[in-house]
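Shown next as structure tokens: one chain only, the form predicted alone.
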């Protein structure tokens, strides 16, 4: 265990939002192992308030079209409110992240067509061979959403440990009704976000993007 802390820091440091994937599928045994280990994530009163649907293969390709068509037609349905409007330092971080991503791809801020095309890749899961959708059953709300977030982070760290990449996407909750219809998910399960995952396409320019993190003193205060 003497190298455990160093290994953990390395895994956490490697986790980032990857926006281009190889089409090579991940073996089912690895996916099952990652999600089995993630069941150790904490939750309030051990309620484990998450439900996940993992989609691969032909069904995954069908969903790419479902999401793209829904967005282009103006269809919009979300189970949890989100407007993406931030202020102050949070807005600065948001703008910087966008600037880093588009700059890595050589897209000018004024080039709306290329920016829109890059955004639309959300709905094709950045070509990932797998996508997982994370639902909260009713009547769970804010506290349980925090539990689901801890679970999802555990999933993403597990993927890194297996040499895999991922991208958590709020955009994949923007067609909630159509998603439930496509996957046969009950109305009582509410979509919070999706995570595209697979092997990273290391040659894609989007994956050259590296965003910074706030300093410890900016977010943590020690008392006593």
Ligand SMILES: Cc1cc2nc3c(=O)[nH]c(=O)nc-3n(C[C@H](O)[C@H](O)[C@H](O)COP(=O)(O)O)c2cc1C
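Numbering follows the first chain given and starts at 1. In this text, all values refer to a predicted model and were calculated from it rather than measured experimentally.
The same protein also has a form predicted together with this ligand, omitted here; what follows describes it.
Within 4.5 Å, heavy atoms only: does residue 193 come near this ligand in the model of the complex?
Contact with this ligand, yes.
Can you work out whether residue 158 and this ligand are in contact in the model of the complex, taking contact to mean some heavy atom pair no more than 4.5 Å apart?
No.
Is residue 213 close enough to this ligand in the model of the complex to count, meaning some heavy atom within 4.5 Å?
Taking the distances in the model of the complex, the answer for residue 213 is yes, it comes within 4.5 Å of this ligand.
Quick one: does residue 55 come within 4.5 Å of this ligand in the model of the complex, counting heavy atoms only?
No, residue 55 is distant from the partner.
Honest question, do 20, 105 and 124 all end up within 4.5 Å of this ligand in the model of the complex by heavy atom distance?
The answer is no; none of 20, 105 and 124 reaches this ligand.
Heavy atoms, 4.5 Å, this ligand in the model of the complex: which of 181-189, 38-46, 25-33, 167-175 makes the cut? Say which one.
Looking at the partner contacts, the answer comes out as 167-175.
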